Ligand code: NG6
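Form predicted on its own, single chain, as structure tokens, below.
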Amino acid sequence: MEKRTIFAASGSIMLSMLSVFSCTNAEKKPIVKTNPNIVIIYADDLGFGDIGVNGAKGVKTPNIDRLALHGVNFTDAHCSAATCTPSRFSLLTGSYGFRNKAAVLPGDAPLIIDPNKGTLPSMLQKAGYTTGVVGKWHLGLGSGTVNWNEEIKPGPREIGFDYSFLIPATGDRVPCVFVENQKVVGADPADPITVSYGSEIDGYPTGTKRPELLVVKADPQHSNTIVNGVSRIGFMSGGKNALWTDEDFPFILTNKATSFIDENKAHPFFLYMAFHDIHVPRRPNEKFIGSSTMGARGDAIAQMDWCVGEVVKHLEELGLAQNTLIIFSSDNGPVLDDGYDDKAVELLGDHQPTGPFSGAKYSILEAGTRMPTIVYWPEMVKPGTSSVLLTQVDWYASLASLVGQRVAPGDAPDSENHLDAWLGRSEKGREYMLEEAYTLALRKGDWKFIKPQTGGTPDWMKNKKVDSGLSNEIQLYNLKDDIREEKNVAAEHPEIVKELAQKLESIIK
């Protein structure tokens, strides 16, 4: 592990953090178990540069920075894809999203994870863990047309989660209800829920027809059903008593997470806490409004950081922190204008959500998948910064190694065991690492090969002002000298192009 901090905040900031964020209840005797508790905290659309330790400006993230100060902060760790559904699919299955044609799903899509295959939570169940998921799901539910008025199967239970409390898809898609243990919270048989992603149905007003009801303007894609003053993608009717209030997300989701911890503190547990922040629509609670200089997007980052702090504080108060492995990361890179006029572009200031990298959410360039990633486990990981090349698809095999479980044949086909690297004990990570974003790319060390994609950047991505990195030409970059991927050196290194192109094809096959 490197002792130097490559993209860290100044030493004075880190020293001040030490004085402000001392461990709570340090004198409380830890609860020691055979296997550690495992908590994955998964942010949404959070860029590499969106946290303080990686250089954020205009917003403070003291709780996340504290994890980095006392854990391992990775500077070359990646999600598997530059959009949410395939990244989440890979995290839970150890398989690349393209193998199952995983793409951003509508809110009424069926479950895309095969219940007959092993998953990260089902593997941990075999190791004696109680497993729970709280927050954004976006992996589909049910096996066909979902009936939101009865138990929804298959769902998280069928792929290994003992407990679930979900935002079924995302906040910008209907249905705008919570689903707990595969039943809509607050469902009323007298007011049945209907969802449509095809034709408009007679239900709630839409942003297209009733723009005067909106608290934030939206683009045409996000101008369907209005709930809580925000228009969403898709159409919905019924379920009035079940509708969520966006501003309550941080408290509801955090309370569900800490309650799960309370109920399972006596035995090993796995908690997958998937935030909605900082995905659109960004509707931070009034407690956090004005906590940044960047408006709703910055305030949502501060809100997300508070949630992190509450979960960690709860673990400490219960004496569980010493025996809990916490992994913090994000599902894909940042995006500013993603459908709502929340002034994210206008109020950005000097802040650089992507850090030093090019690209964004949806992009095959580095910022699309290079994530803020921190591993925290008191006394078990040596604090520092690591530049080891790693990917979230390997969490499955690595955590299986941690808890002494064998990965069954046919399960997690793309997952490799890099536990020592994740714990900061090894400089050896991935030899080859795949990235997905409307094409495929392959990293080997500092070399990055991008497979040609016919058609170039689609218009919708241009409208979001995202540099897609897509081209109908072969691309090769040396990130050591060209971190922003601005100089294509494919013509100068045909032998490297050949090696990486052949390796990529072998992975695809």
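The first residue of the sequence shown is number 1, and the count goes up from there. All values derive from a computational prediction rather than experimental measurement.
FYI, the form predicted in complex with the ligand isn't displayed, but the following is about it.
Checklist entry - In terms of non-hydrogen atoms within 4.5 angstroms, which of the given stretches 375 to 383, 215 to 223, 259 to 267, 122 to 130 touches the ligand in the predicted complex? => result Residues of 215 to 223 come within 4.5 Å of the partner.
Next on the checklist: Please identify the residue among Tyr396, Phe89, Phe275, Tyr362 with any heavy atom within 4.5 Å of the ligand in the predicted complex.
Outcome noted: Of Tyr396, Phe89, Phe275, Tyr362, the residue with a heavy atom within 4.5 Å of the ligand in the predicted complex is Tyr362.
Item to check | Sole residue of Arg232, His78, Arg297, His138 within 4.5 Å of the ligand in the predicted complex, by heavy atom | outcome: Filtering the options by heavy-atom distance leaves His138.
Checklist entry - If you check in the predicted complex, is Asp50 within 4.5 Å of the ligand, heavy atoms only? => result Although the ligand is absent here, Asp50 would stay clear of it in the predicted complex, with no heavy atoms inside 4.5 Å.
Checklist entry - Can you check whether Asp44 is within 4.5 Å of the ligand in the predicted complex, heavy atom basis? => result The answer is yes: Asp44 has a heavy atom within 4.5 Å of the ligand.
Next on the checklist: So, Val280 and the ligand: in the predicted complex, are they within 4.5 Å at any heavy atom pair?
Outcome noted: Taking the distances in the predicted complex, the answer for Val280 is yes, it comes within 4.5 Å of the ligand.
Item to check | Partner proximity in the predicted complex: Val407 to the ligand, non-hydrogen atom cutoff 4.5 Å | outcome: Because no heavy atom of Val407 falls inside 4.5 Å of the ligand in the predicted complex, the answer is no.
Item to check | Sequence-ordered residues of 235 to 262 touching the ligand in the predicted complex, heavy atom within 4.5 Å | outcome: Not one residue comes within 4.5 Å of the partner.
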